[in-house]
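One chain follows as structure tokens, the form predicted alone.
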């Protein structure tokens, strides 16, 4: 059943009603302050990055070791609480030569984002990061790489504490 409404009940407002004070209203600048909690797993991961270490977690049920760490195993849903120190080396799983930045700036030399399977993970698990100190023509799947860390005093507890990965 369809009801046809010719007019909406009520009083229509116009801009002049606000300008002439016929409508009561209030405005304010809210003082909204937010905090973000990385959680136990990612919080420790970021803290360890600030110290210049890569860490992962192991599932004692599946025998998987993953990075970045997570609170539970998505294969068997068991808590993952066995922390593992990982080397800062790995293998290029896949990569791209990007001549345009994320904000659409053209580049003459490409950025090289890559998925790097970190040594010590089982099965191989990768993180995405940039490759550097390498001729783009020489990058290949299977290339062995190592993290290039920022100096300790510049680290903030971010994945960007690793400047990039370079060939070894």
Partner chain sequence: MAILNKPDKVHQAIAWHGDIPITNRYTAGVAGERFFREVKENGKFMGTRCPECDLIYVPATMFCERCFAELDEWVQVENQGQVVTYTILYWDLDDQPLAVPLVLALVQLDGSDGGLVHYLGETDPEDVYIGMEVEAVLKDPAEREGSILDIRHFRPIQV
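Superpose the two forms; the largest set of C-alphas matching within 1.5 Å is the rigid core. What you see is a predicted model; the values in this text were computed from it and never measured. Residue numbers count along the first chain shown, from 1.
Just so you know, the form predicted in complex with the partner chain exists too; it's not on screen, but the next bit is about it.
Heavy atoms of residue 54 never reach within 4.5 Å of the partner chain in the predicted bound form, leaving it off the interface. Under a 4.5 angstroms non-hydrogen atom cutoff, the partner chain in the predicted bound form has residue 15 among its neighbouring residues. Taking the partner from the other structure, the partner chain in the predicted bound form has a heavy atom within 4.5 Å of a heavy atom of residue 37. Taking the partner from the other structure, the partner chain in the predicted bound form has no heavy atom within 4.5 Å of any heavy atom of residue 132. The partner is not shown here, and in the predicted bound form the stretch 123-150 never reaches within 4.5 angstroms of the partner chain through any heavy atom. If you fit the rigid core between this form and the one not shown, you'll see the Cα of residue 22 move by 2 angstroms or more. Once the cores line up, the CA of residue 37 ends up 2 angstroms or more apart between this form and the one not shown.
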